[in-house]
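Single chain ahead, by itself, as structure tokens, in the form predicted on its own.
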């Protein structure tokens, strides 16, 4: 009788552990749905970029140069490529985030900080919200090209 009870408890623990994982995943999905974000917004951020961009694997050198100028003028006071400053290091951001996410973060930093789970995490970690930089979508795209180029070459 004792071996039968041992097997029963082992099976009960196995099923309990398996169902716990499912309920945790369901809870996370429910939390995500409560935020009211679409799958696209969760992956690519909240802002004016609402669809995937058609970006070549090759770097557009004119955009890269313009992006570097904008970065030096508007971003490098708070961001470094390697190492933490007021904001996170951006040297590998093109590897970690989609171009659409980066552009939405640049174009809608307040909305991302308030309404996107990753933006909320950044606010908690850095204790500040990125200020609105008043850049156009074209300038944000140029910044993406500069960040992509940096990521590829470093």
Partner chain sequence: MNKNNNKRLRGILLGAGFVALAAFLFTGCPSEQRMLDSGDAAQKVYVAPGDHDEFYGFFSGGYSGQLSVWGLPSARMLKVIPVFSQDPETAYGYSEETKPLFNTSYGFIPWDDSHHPHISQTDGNADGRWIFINANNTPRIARIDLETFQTKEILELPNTGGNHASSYVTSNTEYVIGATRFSIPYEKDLDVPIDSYSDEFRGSLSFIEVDQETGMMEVDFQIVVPPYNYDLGRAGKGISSDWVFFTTYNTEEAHTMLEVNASRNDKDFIAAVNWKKAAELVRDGHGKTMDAEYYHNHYNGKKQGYAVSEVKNEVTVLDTREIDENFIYYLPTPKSPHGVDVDPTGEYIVGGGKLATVIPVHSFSNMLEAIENDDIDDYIDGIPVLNYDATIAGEVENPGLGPLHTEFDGKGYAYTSVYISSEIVKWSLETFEVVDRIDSYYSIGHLMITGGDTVDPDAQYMVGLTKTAKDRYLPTGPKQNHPAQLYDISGDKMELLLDFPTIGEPHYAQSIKADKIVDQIAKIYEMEENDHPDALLRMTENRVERRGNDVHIYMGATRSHFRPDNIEGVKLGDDVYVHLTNMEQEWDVVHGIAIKGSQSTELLVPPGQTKTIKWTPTRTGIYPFYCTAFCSALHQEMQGYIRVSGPDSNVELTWSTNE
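Numbering follows the first chain given and starts at 1. Because the structure is a prediction, the values reported are computed rather than measured.
This next part talks about the form predicted together with its partner chain, which is not shown.
Which single stretch, out of 113-121, 100-108, 82-90, 56-64, brings residue heavy atoms within 4.5 Å of its partner chain in the predicted complex? Looking at the partner contacts, the answer comes out as 82-90.
Could you confirm whether residue 70 comes within 4.5 Å of its partner chain in the predicted complex, counting heavy atoms only? Heavy-atom contact with its partner chain at 4.5 Å: present for residue 70.
Quick one: is residue 51 in contact with its partner chain in the predicted complex, heavy atoms, 4.5 Å cut-off? It does not: once its partner chain is placed as it appears in the predicted complex, residue 51 has no heavy atom within 4.5 Å of it.
Under a 4.5 Å heavy atom criterion, is residue 145 part of the interface with its partner chain in the predicted complex? Contact check for residue 145: no, nothing within 4.5 Å of its partner chain in the predicted complex.
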